[in-house]
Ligand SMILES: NC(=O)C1=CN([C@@H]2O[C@H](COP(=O)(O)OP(=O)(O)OC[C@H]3O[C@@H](n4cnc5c(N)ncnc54)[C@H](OP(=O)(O)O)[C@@H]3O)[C@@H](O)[C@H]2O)C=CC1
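In structure tokens, one chain follows: the form predicted on its own.
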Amino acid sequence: MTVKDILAAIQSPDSTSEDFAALPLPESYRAITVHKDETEMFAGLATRDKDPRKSIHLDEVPLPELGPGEALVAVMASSVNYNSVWTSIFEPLSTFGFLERYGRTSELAKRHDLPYHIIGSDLAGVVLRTGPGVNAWRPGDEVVAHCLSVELESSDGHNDTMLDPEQRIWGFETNFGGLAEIALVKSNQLMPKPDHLSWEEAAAPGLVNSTAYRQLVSRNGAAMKQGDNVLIWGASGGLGSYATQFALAGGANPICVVSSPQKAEICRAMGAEAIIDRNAEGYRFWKDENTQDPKEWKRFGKRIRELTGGEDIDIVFEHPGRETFGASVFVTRKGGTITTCASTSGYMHEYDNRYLWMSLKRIIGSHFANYREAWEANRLIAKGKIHPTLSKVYSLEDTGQAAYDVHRNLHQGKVGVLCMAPEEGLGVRDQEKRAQHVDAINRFRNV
């Protein structure tokens, strides 16, 4: 049995669940990996100069053993997230430390501790096999996967599974990720594939859409409400493009910060009106590496009030981190909220605490999403309320270039990767619904 036989079954309109269950599984498959013996290859280089094209490999790897509560999925398409970039440049840590620690937790977890790491935290595809104890999913089901991996043996995770002590991000802190022809997931990572989207479109939202939902909409995040002024950094990017859509769909007022006229145009196409091009307006929040410039915070706050009719920011959707965090805390209104994740410009945040404590502001840390939040975020995609922000699609062979483009911020929205799918545009099951939303689906491709 080969991957081509699996693909033929997926593309056949007559294939049944029984047909998929009867398919022999291949002994190996192609996967995007980084190698443990190369973790020092970029030593001494600045972050910007570390090139994912040199560290990312396309390897033939053996099929992993299927355990209880798990599923093997034929991956039709995946996407590149910033965690794949971090993995590929071995920052801030090599992910092999995560795999080693996970491998020590149980006999079954030892599978993950390998000299190679199959990366990727998104997928759209078809269930091939389910392990013992899986009842909700069957071979042949068309699915997407969110990237929360939990064990839930501790009580700590049962109000919010993100608080499970054994919480990990699949494809980053676990092995057998989505940038491959086959992936291993826990069954409680699976969600129905939106039927009006192609494989690559359905794969693109997962991580960033769920992350933005928790950070901005969920009660575990900012609990956004109608009329809120929401400052969104990088509003046309992977995370920000979903935050912008959630703000607009939820009756809030997004103030979109971008870095070019092209990115500003994308925000206008989504329906946003209040846009700040921080490069064109020349904001420099740091005088030098160690000194911030409060005058620039004040100039930024004045510009925001011009766009809001004199109102300050209720919620800041923060993910750049060090570069912007001082400004974010300053411009938030009294009693307002700064939600933070990612820190793509640096983890060591600095801000003037007087503006936080004396004005009763809150900083909320937000990381990915629990299953319910991911399900709700995916449901909004399936209903056509929120749309993929896919701008470009790469082949599996070109994943290194895709990661390089994300690392150097040469992309818009999300970039997809075809895994088992031979071409773009496959997998659409509801053409009528697609026709209603096709302009919004292609929004990021057309700018």
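Note that residue numbering follows the sequence shown and begins at 1. Here the structure is a predicted model, which is why all the values come from computation and not from measurement.
We do not show the form predicted together with this ligand, though everything after this point is about it.
Enquirer: Among the candidate stretches 78 to 86, 356 to 364, 292 to 300, 182 to 190, which one is within 4.5 Å of this ligand in the predicted bound form when only heavy atoms are counted?
Expert: It is 78 to 86 that comes within 4.5 Å of the partner.
Enquirer: Using the partner position in the predicted bound form, report whether V406 sits within 4.5 Å of this ligand, counting heavy atoms only.
Expert: Contact with this ligand, yes.
Enquirer: Even though this ligand is not shown here, does Q245 get within 4.5 Å of it in the predicted bound form, heavy atoms only?
Expert: Q245: no contact with this ligand in the predicted bound form.
Enquirer: Might H319 be said to contact this ligand in the predicted bound form, defining contact as any heavy atom within 4.5 Å?
Expert: Yes, contact at 4.5 Å.
Enquirer: Consider L207 of the chain shown here, and say whether it contacts this ligand in the predicted bound form, taking contact as heavy atoms within 4.5 Å.
Expert: Judged by the heavy-atom cut-off of 4.5 Å, L207 is in contact with this ligand in the predicted bound form.
Enquirer: Pick from K50, R30, K36, H411: which has a non-hydrogen atom within 4.5 Å of this ligand in the predicted bound form?
Expert: Filtering the options by heavy-atom distance leaves H411.
Enquirer: Please tell me which of T130, T344, N253, T174 lies within 4.5 Å of this ligand in the predicted bound form, judged by heavy atoms.
Expert: None of the others qualify; the residue that does is T344.
Enquirer: Can you name the residues of 263 to 302 that have a non-hydrogen atom within 4.5 angstroms of this ligand in the predicted bound form?
Expert: If the 4.5 Å heavy-atom criterion is applied to this ligand in the predicted bound form, 263 to 302 yields K263, R278.
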